[in-house]
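Take a look at this single chain, the form predicted alone, given in structure tokens.
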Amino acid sequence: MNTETIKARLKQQKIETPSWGYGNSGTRFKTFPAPGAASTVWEKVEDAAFIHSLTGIAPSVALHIPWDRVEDYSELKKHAQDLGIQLGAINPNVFQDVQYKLGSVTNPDAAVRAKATQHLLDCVEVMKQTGSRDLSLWFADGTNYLGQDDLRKRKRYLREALQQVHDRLPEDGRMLIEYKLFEPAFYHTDLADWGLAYLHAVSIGEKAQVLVDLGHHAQGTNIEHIVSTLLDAGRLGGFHFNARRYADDDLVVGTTNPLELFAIYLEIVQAENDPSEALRKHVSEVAFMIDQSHNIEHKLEAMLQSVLNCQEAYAKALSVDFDLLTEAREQGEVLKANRIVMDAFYRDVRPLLRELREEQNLPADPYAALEESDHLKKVLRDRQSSDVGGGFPS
């Protein structure tokens, strides 16, 4: 792929940033307030727009309900549009309420299940008001002890709730079903892996897709293999990008295992180049979203690095010599094929990205632009971060 083709593809790249990544968040032990952190959804949208102005590839911001609840979503939508971005995926919250201690849509209590399902349906209405395409679903539902509950019954409750929500989605809407190996449930999780999410998705309908979070797998899991399989099945809805060392650490994507991020983008690029029109169309609809908890980092710097790490990984994947790689694969030249791919991984694409930004009238050095920006000076001067405890955004 020549340089101009790579640049053209990079100009089409989109990364969605999360509203919660701009506010104070933390662990179950403590939330450390950060200077300049956003405290309202209006400020979060402003920060997201600023990151887009530095990178050119972050044109939307995901919302979390009720953390980002407002009286008039059309007003929030206009606020985002006036700043040059859009409102993205809607993320319901069915894990924080005290009634969800034993689960939300899989709770043994029918009244609790109904409450959780209604919240999901309310979020579908938020989608319609914001113009959002995706409803991103993650459930903390599970059990901690053998015999605590009927696993098959919980599976049926989950399917029933998902089906109700699926059938109420807007015509162009999608349901992205996320999964997680463990935490806060430690005996079993109702949506523990991609296979369970896929099983529900194919049983529910075409608008149901699987969402892959990089931190939600067992150690050593080959995530790019999952990505490849879901792409081929037409069910890869999107990503929640982050990085992990041990479990669901939610660190800045590309920091602990940059090779994994590159390998994932390699699968994306191969799908983009596939002769199948159906596969090319499917991969063009995949949502690339950040989902991170910036606990000790500066919020804007962490988000900027996350977006730029994705851009760099994509640029490297695009630079693979696929003709040479195909030849090596077909000839069974195992190590040569590996070297071809690793040559791209080790390639320094930063000069290319700098050139690309200059062509787009973007800051050639986004980190320097952040440090020197009036926006950073303003938020550090005007925003007061409260000292809040606990693991959730203030």
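For clarity, every value in this text was computed on a predicted model and none was experimentally measured. Sequential numbering from 1, following the sequence displayed.
Below: the form predicted together with a further copy of the same chain, not depicted.
In the predicted complex, no residue of the candidate spot (112, 129 and 206) has a heavy atom lying within 4.5 Å of a further copy of the same chain. Interface residue remark: residue 102 is counted as part of the site for a further copy of the same chain in the predicted complex, having a heavy atom within 4.5 Å. Using a 4.5 angstroms threshold between heavy atoms, residue 39 stays clear of a further copy of the same chain in the predicted complex. Although the partner is absent here, residue 119 is not a contact residue: none of its heavy atoms lies within 4.5 angstroms of a further copy of the same chain in the predicted complex. Within 4.5 Å of some heavy atom of a further copy of the same chain in the predicted complex lies at least one heavy atom of residue 196.
Figure note: of the listed segments 75-83, 170-178, 216-224, 129-137, the one touching a further copy of the same chain in the predicted complex, with heavy atoms no more than 4.5 Å away, is 216-224.
Interface residue among 49, 325, 57, 352 relative to a further copy of the same chain in the predicted complex, by the heavy atom within 4.5 Å criterion: 325. Within 4.5 angstroms of a further copy of the same chain in the predicted complex, the stretch 321-348 places a non-hydrogen atom from each of 325, 329, 330, 332, 334, 335, 336, 337, 338, 339, 341, 342, 343, 345, 346, 347, 348, taken in sequence order.
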